[in-house]
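Only one chain is included here, represented as structure tokens and corresponding to the form predicted on its own.
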Amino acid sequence: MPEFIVRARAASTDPAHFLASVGTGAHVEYLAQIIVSALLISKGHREDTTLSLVLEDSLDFSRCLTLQGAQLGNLGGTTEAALLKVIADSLQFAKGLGKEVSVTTPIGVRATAISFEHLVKAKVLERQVFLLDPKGDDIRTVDIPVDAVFLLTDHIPMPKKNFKAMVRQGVKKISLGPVMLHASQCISIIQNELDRRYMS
């Protein structure tokens, strides 16, 4: 059961501000593409995949929105507008959450007030975690467990201190090739790699 954790440093946790930033420098519309790449397939969705979006532009705590394929309800469509509304509605549902408190929306999105760093620390204790890095080992040469966790970020680069701290914690660096890709494209490549290894 692969899991993708996407750090969205520029995305607001305020639902109105989040929707208002579509098409601006925050580039939140790419989160809809990530949902499609991670969870949706032809005529269905991936029940074995978990996607966590960590939105960090907040006045209190970051919000982690977790969509689990096995528990996914009606998203209201697969258009960009519909998927961004799912995120905004989830943020509205999660307003005022205390630190590390979780709630689940009516369509099955779990919202937690937790930072990206604390989420990663918890995952490292349970599973193998991979961080995408052009200087990492080629994914085609790496043994990847079926339940691996993959860390990605938005257009704002990961701070070097966070990057080094994760490596010290045991996070392994992997590369998808010589060309820097969008996060949604990276997820598609990783899913295809796992499909070929575990579904053939």
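Heads up: residue numbers just count along the shown sequence, starting at 1. Here the structure is a predicted model, which is why all the values come from computation and not from measurement.
What follows is about the form predicted together with a small molecule, which we do not show.
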Notebook entry, point to check: in the model of the complex, does H155 have a heavy atom within 4.5 Å of the small molecule?
Noted result: yes
Notebook entry, point to check: Any of the heavy atoms of S175 lying within 4.5 Å of the small molecule in the model of the complex?
Noted result: yes
Margin query: Within 4.5 Å, heavy atoms only: does D57 come near the small molecule in the model of the complex?
Written below: no
Notebook entry, point to check: Quick one: does A183 come within 4.5 Å of the small molecule in the model of the complex, counting heavy atoms only?
Noted result: yes
Item checked: Partner-facing stretch of 110-118, 126-134, 97-105, 83-91, counted where any non-hydrogen atom is within 4.5 angstroms of the small molecule in the model of the complex -> 126-134
